[in-house]
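Taking the form predicted alone, here's one chain by itself in structure tokens.
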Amino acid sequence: MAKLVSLADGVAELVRDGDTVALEGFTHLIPFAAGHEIIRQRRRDLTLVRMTPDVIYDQLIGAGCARRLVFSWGGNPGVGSLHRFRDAVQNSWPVPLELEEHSHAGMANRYVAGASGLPFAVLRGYTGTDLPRHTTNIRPIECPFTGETLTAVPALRPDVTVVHAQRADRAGNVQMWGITGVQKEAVLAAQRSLITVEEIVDELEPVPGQVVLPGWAVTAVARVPGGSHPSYTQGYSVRDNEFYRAWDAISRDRDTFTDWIARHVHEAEVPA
């Protein structure tokens, strides 16, 4: 059964220097509060994994938490580039950042393989792209039944996956709904998992389109109201579009970014 913890205790126990860490969420339910706690605890040398790294990964990279990024797209949605990400790649600031780039389909299938206990995934993706020339673990494979050339990619098995959800019960069963991306697969593929939720309830009431992660598949749950801001949690909050627009200017300058992290992350009130 998953245990109920504070956010600070959950990150302290489950996220370790050098880990492969996935903070998943697709536009919706992005675990910003957990990412900020990782920054506060000054984790280092992380391999960050995400299908669509956006602003929280820009913050983690700019804060010096990451040495490697495994991803399939990166940007500030609807606004433009991730300037801390770009600075790390182009200028090694604050530390060099290694890249491993895949397609969305490749990343999703890698999570499914990890969740299924399989060593790799097979798909028709990557054909006609130059990604295999730049990413060494994208390999051609011949179908033993048809002779067709397909593509194999290794399973993704993060040391820890962090996601945000609407609610959990006291046994650690987690319920989410709305746009859910690959959170389920990312949790099931991981060695450990930390789920932040808007509320803890006595009983999970069914919701159309819900995904339920059973307590036996979750390591720890932390109650963090507003834990997805500036993204949103359906039924609890709306997306803060103004923040995403403001982030473009904040992140362009190293000193402005560093000051923002100091004031809004390191000096911020930590969720209990």
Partner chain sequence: MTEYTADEMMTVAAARQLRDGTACFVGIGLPSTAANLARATHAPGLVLIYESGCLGAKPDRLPLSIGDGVLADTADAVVSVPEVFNYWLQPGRIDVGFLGAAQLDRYGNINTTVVGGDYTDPKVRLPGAGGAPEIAASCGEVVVVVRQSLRTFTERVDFVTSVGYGSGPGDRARLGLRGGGPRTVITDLGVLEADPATCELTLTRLHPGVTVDQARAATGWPLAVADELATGEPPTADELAVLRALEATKRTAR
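Fair warning: this is a prediction, and the values are worked out from it, not measured in the lab. Residue numbers count along the first chain shown, from 1.
One more form of this protein, predicted in complex with the partner chain, exists but is not displayed; see below.
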property: Candidate from A108, L188, A152, A155 lying within 4.5 Å of the partner chain in the model of the complex - any heavy atom; result: A108
property: Answer range among 161-169, 139-147, 197-205, 177-185 for contact with the partner chain, defined in the model of the complex as heavy atoms within 4.5 Å; result: 177-185
property: Proximity of A246 to the partner chain in the model of the complex, heavy atoms at 4.5 Å; result: no
property: Non-hydrogen atom contact G117 with the partner chain in the model of the complex at 4.5 angstroms; result: no
property: Contact of P94 with the partner chain in the model of the complex (heavy atom, 4.5 Å); result: no
property: T219, heavy atom within 4.5 angstroms of the partner chain in the model of the complex; result: no
property: I250, W260 and A268 all contacting the partner chain in the model of the complex, non-hydrogen atom within 4.5 Å; result: no
property: Partner contacts for 125-143, taking the partner chain in the model of the complex and a 4.5 Å heavy atom cut-off; result: G125, Y126, T127, G128, T129, D130, L131, H134
